[in-house]
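What follows is a single chain, given as structure tokens, in the form predicted alone.
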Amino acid sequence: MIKSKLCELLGITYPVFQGGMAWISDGHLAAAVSNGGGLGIIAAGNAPGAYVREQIQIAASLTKQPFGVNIMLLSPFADEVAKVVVEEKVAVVTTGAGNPSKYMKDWKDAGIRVIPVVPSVAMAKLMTRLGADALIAEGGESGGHIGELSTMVLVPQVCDVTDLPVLAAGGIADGRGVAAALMLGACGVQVGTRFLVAEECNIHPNYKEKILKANDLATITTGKRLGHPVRSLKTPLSRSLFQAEYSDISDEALEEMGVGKLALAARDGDLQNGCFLAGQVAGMVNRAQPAADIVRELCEQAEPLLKGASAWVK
């Protein structure tokens, strides 16, 4: 069995995090992943504290294992959610889209493990200095908001500048990706896109079907002009956004074109107007499974690959 210091740090069986995907990663999915031995994560997204509290309580009613909450720091409700995770005694907080420094003391005093998502070496250094417990180095192959660097480039550079445990994220959907991440210096992985088709994932069936039918060229990146690129499946909406980006439309109008579109995909399955976030590995996701099976399979597939690595050394 694959074990790492991440497992010891968090009390989990497998070094696998389920990504915190806004409008997708709810208490049911998080609990299923945690029950399967990984770390399930509830996505706060732009939701208010009351919603996050409800999802935490749902997860706590379904699992006795540790689970986490992802807080998007640009959310207007970030301050509110930061207090909720303390009050609800969440085991882990992952963060993105900002600097969590103003919350770190309260979280650490509450015994919460703080694990920021970092898209660059500079951010990894900063989070290490601020007292993070581990880091998630997320490459641009990911779905949703992405950075410039690919996973293969980013992970070893982050590992070189910190003594903290590092998880690799972006472009990982099977045991080959897990094995590669560990060889790059990571001690665990965060996976998002594959969990979109977990049986416990409550997104609209249209969303799941689009993932299962995706191929290697199924995604597109929009939003670079606005400074926050986003990767999603190619749809009428994403193609319109891409074309508008190179027109004379104002930044404000371009921004407005994307508002609320993820919810239309995740909740309503709107194939015309929805934004179906997904990573480049969508083409490798070809069947629905229970979340626990996904967690176990990721590691079980990686084991023989890691054991056979010596075949390349003469």
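Values in this document were obtained by computation on a predicted structure and should not be read as measured data. Numbering starts at 1 and runs along the sequence shown.
Omitted here: the form predicted together with a small molecule. The next part is about that form.
**Student:** Check for me whether the small molecule, as it appears in the model of the complex, comes within 4.5 angstroms of all of 72, 146 and 277 - heavy atoms only.
**Tutor:** Yes, the whole trio is in contact, each within 4.5 Å by some heavy atom.
**Student:** Considering non-hydrogen atoms and a 4.5 Å limit, does the small molecule approach residue 97 in the model of the complex?
**Tutor:** Residue-level check for residue 97: yes, a contact with the small molecule.
**Student:** Indicate whether the small molecule has at least one heavy atom within 4.5 Å of a heavy atom of residue 113 in the model of the complex.
**Tutor:** Result no; residue 113 lies far from the small molecule in the model of the complex.
**Student:** Please tell me whether any heavy atom belonging to residue 182 falls inside 4.5 Å of a heavy atom of the small molecule, as the geometry stands in the model of the complex.
**Tutor:** It does not: once the small molecule is placed as it appears in the model of the complex, residue 182 has no heavy atom within 4.5 Å of it.
**Student:** Check residue 171 for me: does it contact the small molecule in the model of the complex (non-hydrogen atoms, 4.5 angstroms)?
**Tutor:** Answer no; every heavy atom of residue 171 is more than 4.5 Å from the small molecule in the model of the complex.
**Student:** Among 234-242, 209-217, 97-105, 78-86, which stretch sits within 4.5 Å of the small molecule in the model of the complex, heavy atoms only?
**Tutor:** Comparing against the small molecule in the model of the complex, the contact stretch is 97-105.
**Student:** Of these, 91, 123, 152, 130, which has a heavy atom no more than 4.5 Å from the small molecule in the model of the complex?
**Tutor:** Flagged contact: 123.
**Student:** If you check 203, 117, 198, 187 against the small molecule in the model of the complex, which one has a heavy atom within 4.5 Å?
**Tutor:** Looking at the other structure, the residue within range turns out to be 117.
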